[in-house]
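Only one chain comes next, encoded as structure tokens, the form predicted alone.
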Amino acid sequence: MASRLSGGGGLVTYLLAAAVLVFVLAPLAVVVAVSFSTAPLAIFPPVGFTTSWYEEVLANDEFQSAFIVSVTLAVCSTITSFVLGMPAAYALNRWNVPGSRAIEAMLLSPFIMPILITGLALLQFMAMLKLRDAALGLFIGHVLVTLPYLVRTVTASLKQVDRSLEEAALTLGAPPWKVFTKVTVPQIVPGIAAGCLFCFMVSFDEFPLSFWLSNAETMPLPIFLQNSMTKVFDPSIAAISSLMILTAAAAVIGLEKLVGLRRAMSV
């Protein structure tokens, strides 16, 4: 009787998971379908089949510029978050840092602060400093919101490290730097990869912060998409969205090829 109930519960769980998956993916499928429509407006169900909207978008100089800005910003934010977040997470986890809890809370505070308010505060702060470089402002803002993801995932990975392996390596005469690179880092690679993926995707898709800090010369892709929607709502909007989805999927596939998606997401 118990096995039957557990089997029924498992079936219900799978059905609920499938329902949630459909609920999440259905809007994305609609966007992709509309991007191939031959209709002059974005309507569903789509009419006919064409790739002309993609050709139009890819040939658009403004789209190319916005895409390059978003990718460059995401890559630079990810690298900077890694450079700053990796030693911060390690120090907070392994060293007796005075006020470590307060420092960790400060590093993770962007998780709980509304991004729209954060963007407005950064805009006012940069105006006080008379900092008019939009690219630099966007970079600082994106690092601010992506850094917590790297710190959080690396900290979680460090807590799962087998400390006995490190102690054994030290006992056998290995210097601390070698223990870190040869013993510790291989165990936390999935956490680092997951954190970098989160950083890249958060930066690439970031809208509220970019809304405040961008300008006409330095415009990330989400802002370009929003501006395009205010002019005309044709399938080219869906094509841009589909390309953003494709970029996100490529990042996930890249993570799977590098370290394995299940390992990275298990931290």
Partner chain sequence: MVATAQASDLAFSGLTKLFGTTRAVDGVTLRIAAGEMVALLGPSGCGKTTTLRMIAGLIEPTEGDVLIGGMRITRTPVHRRNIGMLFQNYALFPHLSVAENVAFGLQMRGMRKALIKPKVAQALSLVQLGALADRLPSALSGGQQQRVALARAIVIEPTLLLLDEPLGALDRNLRDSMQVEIRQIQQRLGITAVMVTHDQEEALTMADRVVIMRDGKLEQVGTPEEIYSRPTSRFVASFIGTCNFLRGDVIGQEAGRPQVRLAAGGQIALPSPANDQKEVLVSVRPEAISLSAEERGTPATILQIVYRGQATHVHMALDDGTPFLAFLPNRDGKPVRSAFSTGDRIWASWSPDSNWAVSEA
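Numbering follows the first chain given and starts at 1. Keep in mind the model is a prediction, meaning the values are calculated, not measured.
In what follows, reference is made to the form predicted in complex with the partner chain, a form of this protein that is not presented.
The partner chain: the contacting residue among A193, L147, V183, L122 in the predicted complex [heavy atom, 4.5 Å]
Answer to the contact question: V183.
Quick check on this chain: which one of G99, P87, G173, P114 has a heavy atom within 4.5 Å of the partner chain in the predicted complex?
It is G173 that has a heavy atom within 4.5 Å of the partner.
Is D162 part of the interface with the partner chain in the predicted complex - any heavy atom within 4.5 Å?
Flag for D162 set to yes.
Does at least one non-hydrogen atom of E167 fall within 4.5 angstroms of the partner chain in the predicted complex?
Residue-level check for E167: yes, a contact with the partner chain.
Would you classify K178 as touching the partner chain in the predicted complex, given a 4.5 Å non-hydrogen atom cut-off?
Judged by the heavy-atom cut-off of 4.5 Å, K178 is in contact with the partner chain in the predicted complex.
Distance check, Q187 to the partner chain in the predicted complex, heavy atom within 4.5 Å:
Judged by the heavy-atom cut-off of 4.5 Å, Q187 is in contact with the partner chain in the predicted complex.
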